[in-house]
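You are given structure tokens for the same protein chain in two forms, set apart as structure 1 and structure 2.
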Structure 1
Amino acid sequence: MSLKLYNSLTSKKEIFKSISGKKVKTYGCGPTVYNSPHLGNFRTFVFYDLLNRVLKMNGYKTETAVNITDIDDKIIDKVNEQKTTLKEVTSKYELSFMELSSSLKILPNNYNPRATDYVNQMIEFIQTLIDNDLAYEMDGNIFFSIEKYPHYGKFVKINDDLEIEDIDLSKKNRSDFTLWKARKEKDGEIFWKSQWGEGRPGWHTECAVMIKTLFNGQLDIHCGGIDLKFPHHENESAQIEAIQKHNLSNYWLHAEHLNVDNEKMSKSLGNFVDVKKLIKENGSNIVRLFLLSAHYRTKVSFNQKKIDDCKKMINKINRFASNIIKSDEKINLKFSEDHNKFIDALNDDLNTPEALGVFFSFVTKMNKKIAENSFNDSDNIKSFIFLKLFNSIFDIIDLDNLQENEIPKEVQDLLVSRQEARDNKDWKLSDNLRDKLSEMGWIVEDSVDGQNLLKKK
């Protein structure tokens, strides 16, 4: 199946076609570094990673950017609250974001641009909008005039019910948005000089200019959380598309919220889950699996039971993997029907729940063959291929610890005898054989799928 993605522009799945052959340029809106990101933030960031990995699985070479918003009202509030500097606040939480991203196996991006590094380009960009009669100045603030851009409203129908920003500022149209904010007393030393006076760029302009600078204003895919669809992505794209002859991005992908008690997880509501603490308590692989276990366009509620379910899933995978012997890398690794079903699920708008279902059905089938002692070399190679394929996307198992030696025949014989004892409900003999296997350095775990054999470490 060709890769299909749900495009927020058209509200339907579309076959993905890149602008330039096998090269794909993607941009995802990153963290505002005034505090450590919470679990809801990382649902979006892990979604970016999923997209990147699925593109690579399809043979694309990706060029990715996830920005760092280090100019923002919340950051200024934090600076004032802690009586510190902009750099001290932003560098601390940028480092936290990077460390947590690494812990959750998010592949490094080609770029993590900071807004503060592009202010000069933002000033030039805003002046271009003014020169083209798309923006105007009022009391030292610069606003984008939505009336001058007829295509405004690509994501939503513009009406009086929409959220309006900066309502305290004087502007010609209540829906016009801010490109440059004049310096206020609370800004302290956080300002830049421009031809309109001291101030700082607006959030929507930050992303627009970083995309224009890094990618010449043209992306294959732009990503973000669903809450960024409007006004951020609407305003971001309007600025660029008003002065260039092509779309900012051909595909717009948005991830749904992670909820707590049916409310969006957010710091402002105080209902957020600390990612670092959750990883410490459960392990990064379990947290990553939880974030990937639901479709990215589905709202998910966080609870401990779902984390516990992910622990069980990983334990099942590890038990299965412990029975697999590393195959020679030179083997002609061909995909079977099972592998192709897994790929097709991911190519169907990154359908991770379906992909997990395909993988676990395969594991159950192979575990049955292991229990029946009918698991052969071909099954082992097929399983090894699937583990590598699975891990290239989910990245939650340690392939380096797969067995390098075959299970001794004596152990295999005892395992078969124990299965026969279990079939005959001879529990005493079954227990004795398990103890014998334990003395030989092997652990046997019973499950609905049969016996799982693990080598003692």
Structure 2
Amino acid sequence: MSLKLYNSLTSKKEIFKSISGKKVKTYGCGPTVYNSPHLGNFRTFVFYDLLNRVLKMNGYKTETAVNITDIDDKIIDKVNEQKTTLKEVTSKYELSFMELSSSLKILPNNYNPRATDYVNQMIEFIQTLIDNDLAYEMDGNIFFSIEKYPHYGKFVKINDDLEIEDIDLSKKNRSDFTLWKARKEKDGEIFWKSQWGEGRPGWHTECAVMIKTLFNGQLDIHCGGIDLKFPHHENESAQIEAIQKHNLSNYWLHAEHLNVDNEKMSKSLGNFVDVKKLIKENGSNIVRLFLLSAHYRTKVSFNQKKIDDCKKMINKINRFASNIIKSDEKINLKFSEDHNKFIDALNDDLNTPEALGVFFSFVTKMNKKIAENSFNDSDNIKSFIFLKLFNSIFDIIDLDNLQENEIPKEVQDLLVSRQEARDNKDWKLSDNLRDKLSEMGWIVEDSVDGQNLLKKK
């Protein structure tokens, strides 16, 4: 099955066609670095990573960018509040974003452009818009004029019956948006010089110009959180498509929100979950699985019960994986029907819950064979391939250490003693030794074949 993606431009699933062969260019709107990103933010960032991984699975060579918004009102507020510098604030939270991304196993992007590194290009770009009569100046601010751009409204139906009630006289049209903001007193030292005076670029222009510079204004896929669809993405594409002949992006993908108690998780509501803390308490694999266990276009509520459920799921996978012997990867890399079902699910608009279902059905099928003692070499290879395939997307199990080959001497000795106790039917000693091993971080289970040792994860 070929890759299908839900395109916000058409509100339909479409077969993905790249602009040039096996190369795909993607851009995702990244964090505004005035604070550490919360779990809701990371739902979106993990979604970008999912897309990247699924594209790779389909043999595409991806060129990805996730920007760092380091010019923004909230950052300026923080700078004033803490009486510090812009760089001081932004570098701190940029680092936090990068560290958390990496601990959640988000594959590195090709670019993480910072708005501050593209201000000259932004000024140039805004001037081009003015020269083409698409933008106008008012009190040192530059606005994009939507009247001059007939295609405005690709994401949202615009109702134009409200202009009478609009008292804001600082711009011509209610929907005109800022390309350049004139310097205000509270901006302090945060400003850039331009032909229109001191000021700074507007958010929509930042993204547009970074895409223009890095990708020549042409993307295969543009992603973002659902809240950015309008007006951010509308404005971003309007200004750039007003002066270039081709689309800014052929596909636009939007991730739904993470809710807490039925409300959007946000910093302003104060209901956000601290990712760092959550990872520390549960491990990054569980957090990753939680974020991937619902489809990216559905609303998800956060609660501890779901995290606990994910923990159990991972335990189940790890237990299964501990039965699998690593195979030579070069032989027999053929996918069977089970593998293909998994791939098909992901190719159907990144349907991770369905893919998980396929994977767990396979696990149960193989566990049954193991229980019945009919699990053979071919099943092992199949399982190993599936684990590898599964991990290439979900990335939540440690495949390099399928078997614990380094068992400490102390643990080995205890196992020997326990076996002796068991041979003597000394159940009390056997149980004591089991408790002792448990305290040391090892789970021992008895089966017909003897003791099985598992390291606690």
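Counting starts at 1 and follows the sequence of structure 1. Here the structure is a predicted model, which means the values were calculated and not measured. Between two forms, the rigid core is defined as the largest C-alpha subset superposing within 1.5 Å.
- The form predicted alone corresponds to structure 1; structure 2 is the other form.
- Shown in the overlay between structures 1 and 2, fitted on the rigid core, is a CA shift at residue 441 of 2 Å or greater.
- In this overlay on the rigid core, residue 417 has a C-alpha that sits 2 Å or more away from its partner position between structures 1 and 2.
- In the core-superposed comparison between structures 1 and 2, residue 26 has its Cα shifted by less than 2 Å.
- Once the core of the two forms is superposed, the Cα of residue 430 has moved 14.0 Å between structures 1 and 2.
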